[in-house]
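Listed next as structure tokens is one chain, alone, in the form predicted alone.
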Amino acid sequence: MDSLLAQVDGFMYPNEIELQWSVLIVLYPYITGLVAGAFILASLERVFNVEAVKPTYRLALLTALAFLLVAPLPLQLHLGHPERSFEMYLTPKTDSAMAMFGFVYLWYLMGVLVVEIWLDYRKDIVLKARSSTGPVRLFYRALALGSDDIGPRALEIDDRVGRFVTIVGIPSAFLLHGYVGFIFGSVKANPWWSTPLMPVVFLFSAIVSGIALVMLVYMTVSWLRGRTVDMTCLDTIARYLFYAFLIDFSLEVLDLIHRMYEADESFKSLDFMVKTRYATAGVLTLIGIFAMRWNVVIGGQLFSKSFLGYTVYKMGFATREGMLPAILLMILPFAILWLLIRVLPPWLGEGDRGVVETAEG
């Protein structure tokens, strides 16, 4: 206890010495932001007819699905009894934003993302079922959900319904991640969090990080497959990344100016924290957005509510909320994405096209 108190500078309330939200709560908004941003990139082609980004459309959807499957895991590890999380479905509490996340997550997963991916891949799944044998054939037949009609009329219906689902999915993606910013922004007792700009800043930083992630995945996958990167696609993605970055940076500056204008004691308690720096390069963008999430979650808990002292956060390694689980949670969605790509390839290469033509014939 003495060693813990020695780390405190100034005076704090006893319940403020230990941080309640750790690196796992940093990962949670970071991963959900990647999901929302990847889906927004996919919607550019499906809804806004930006044909240049078409090579990344399916890859963006699969990336969003892979990370969405992992998104609740940091919260599950953080809970002392993760099995109790199902209580939110059994006894819903509509006036609790945290409790309603379960319904938002379930809707976005099953009502939007899975439906859109299935509609977009249905033709390929049926053709795979027709051209395969044995267990693979049974797997793709089950994946087709009994659907075998890939005629022009059926595919036209798939496209129309898929477009409608994407349109519905855009505000759903905003809701999925904007609610996280709402959680932090509604905590009036914490001046680092309490701002109406928090949900908007979270949204645009999510778009920035998601676009950067898909761009890096697309370049990496193209390199691993020995394929030439579509430079028109890459230039277009980078341009939209730059636009989103400008908006996000402007919001951050606006938030800083607002705090400077208020110039109360809470602002003085925040001047020790390093401000997030953004870069146009994909890797630096992802690091920058993660640093922003870290500053919000961890930095917001470092100062005393009485503004008389600071504490420090030391992250363990092989603990339940340490560095090792955090690293594994960041690796897991990439493993899921690799599996999804194996089952549902987001491209139609020359070899695949031959299989499709043979099956159609």
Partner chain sequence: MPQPLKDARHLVRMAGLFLVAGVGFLVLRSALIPAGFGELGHYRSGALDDNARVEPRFAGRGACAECHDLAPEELAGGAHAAIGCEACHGPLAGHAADPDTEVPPALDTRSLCATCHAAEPAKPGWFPQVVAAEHAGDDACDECHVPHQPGV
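Positions refer to the first chain, counted from 1. Because the structure is a prediction, the values reported are computed rather than measured.
Beyond the structure shown, there is the form predicted in complex with the partner chain, which is absent from this document and is the topic of what follows.
Within this chain, residue 90 lines the site of the partner chain in the predicted complex, having a heavy atom no more than 4.5 Å away. The shortest heavy atom separation between residue 147 and the partner chain in the predicted complex is within 4.5 Å. Though the partner is left out of this view, residue 153 does reach within 4.5 Å of the partner chain in the predicted complex, counting heavy atoms only.
In the predicted complex, the partner chain sits beyond 4.5 Å of every heavy atom of residue 120. Remark: none of the three candidate residues (47, 197 and 204) comes within 4.5 Å of the partner chain in the predicted complex, counting heavy atoms only. Residues of just one listed stretch (111-119, 208-216, 132-140, 230-238) have heavy atoms within 4.5 Å of the partner chain in the predicted complex: 111-119.
When the partner chain is considered in the predicted complex, only one residue from 104, 247, 161, 256 comes within 4.5 Å through any heavy atom, namely 161.
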